[in-house]
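A single chain, nothing else alongside it, follows as structure tokens in the form predicted on its own.
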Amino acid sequence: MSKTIEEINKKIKKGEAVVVNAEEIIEIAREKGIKKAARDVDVVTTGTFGPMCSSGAYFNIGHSNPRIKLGGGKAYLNDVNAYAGFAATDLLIGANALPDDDPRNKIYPGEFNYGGGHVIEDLVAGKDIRLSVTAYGTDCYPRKKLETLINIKDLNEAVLFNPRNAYQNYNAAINMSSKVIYTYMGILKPNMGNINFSTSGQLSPLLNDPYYRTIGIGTKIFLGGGIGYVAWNGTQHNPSAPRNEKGVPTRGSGTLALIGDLKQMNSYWLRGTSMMGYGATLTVGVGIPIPILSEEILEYTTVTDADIVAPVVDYSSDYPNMVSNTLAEVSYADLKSGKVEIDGKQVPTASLSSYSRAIIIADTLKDWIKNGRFLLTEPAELIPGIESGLNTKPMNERPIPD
């Protein structure tokens, strides 16, 4: 059995496509079997909603009178550092950016109440953002200072661009030390007091297409409440991570670089987030449709939380010191149960990502497709897989070039 994206799109246009989410397909395949489910189902939708540090936005503010050259100057959005090195009127802000006067961790643990992720949320919400610029002045751009308010509706372009999102599996974090630690995986209590994890498991996009058979450059997706696209493989993309017998990576592995029109998006799905003792970030909603082109692809989408295993890593010593050590491997079914056993101790668990919001994303994308509002795209090129030969070794393990 095989289908094409073109054939599926014809069914979508006619309102005849069968679309289910990645939770629903598990039971459908159990009842009908893989072969019949693959014939009957056209698209499986996925979703994830969690903190994704490698996120940002770029936009064009237009020209002031007299003109000012942002490039080479300093720019701030609501007092948060923005990058102005592109050109005269283009700005970039990253999710981790902070105001100059934020105390960071000088007062430990820092609160990081407002950063780049919060600016992006406020911008998408339609709030006025205070822009402050100092520049050096040129004959064609004579102005040296600018203080004004900008609003997303007035910007020439506003684009969400995230170099690394939707991690395919990830660590579960624990603290083996005798003191509380503050990490990008949240607050970790001493002496194995808790475990934090962060993916939506069986709903997660790349866990439903573990070998990247359908996801590639140009794949159309749900991004931040609007429509986005896969722009490239994400930074730190590691398709060669070890996998279990179902092909599911058992370590952090694939990632995606994502792009989309910020003006289409919704602040409900892009939330500025403060991580105590660590910094500011952005919580992002991502959903990817998986076209069921074959029985093999359908079978991948039947992955369950019990099939997905995460490594438990000590964030007090092993992680910061690049020690490759896994204390245990635990399934997402166990992680989501609220407790897992590590060295004979029952350790409480909590997720940084929201499974309930991930279901809403998958269902929203399902409705868009069923109603003919969202057609699938044929990727220009698939995201690199195991055979790609990417250099996936950590930086300190790579040979120094001659």
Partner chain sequence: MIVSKKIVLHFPVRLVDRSIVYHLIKDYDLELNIMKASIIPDAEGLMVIEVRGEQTNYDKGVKYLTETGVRIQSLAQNVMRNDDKCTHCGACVTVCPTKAFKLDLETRLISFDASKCIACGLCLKACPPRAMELHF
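Source: prediction; values computed, not measured. Residue numbers count along the first chain shown, from 1.
Heads up, the form predicted together with its partner chain isn't pictured, but that's what we're talking about next.
Segments offered: 32 to 40, 343 to 351, 62 to 70, 362 to 370. Contacting its partner chain in the predicted bound form at heavy atom distances within 4.5 Å is 343 to 351.
In the predicted bound form, S274 approaches its partner chain with a heavy atom inside 4.5 Å.
The closest non-hydrogen atom of E157 lies beyond 4.5 Å of its partner chain in the predicted bound form. Interface residue remark: Y355 is counted as part of the site for its partner chain in the predicted bound form, having a heavy atom within 4.5 Å. Its partner chain in the predicted bound form is not approached by N169, whose heavy atoms all lie more than 4.5 angstroms from it. Scanning R243, R213, K189, K220 against its partner chain in the predicted bound form with a 4.5 Å heavy atom cut-off leaves one residue, K189.
This chain appears without its partner; in the predicted bound form, the one residue of T235, Q264, N113, N325 with a heavy atom within 4.5 Å of its partner chain is N113. Residues are counted as partner-facing when one of their heavy atoms sits within 4.5 Å of its partner chain in the predicted bound form; in 318 to 343 these are K336, S337, in sequence order.
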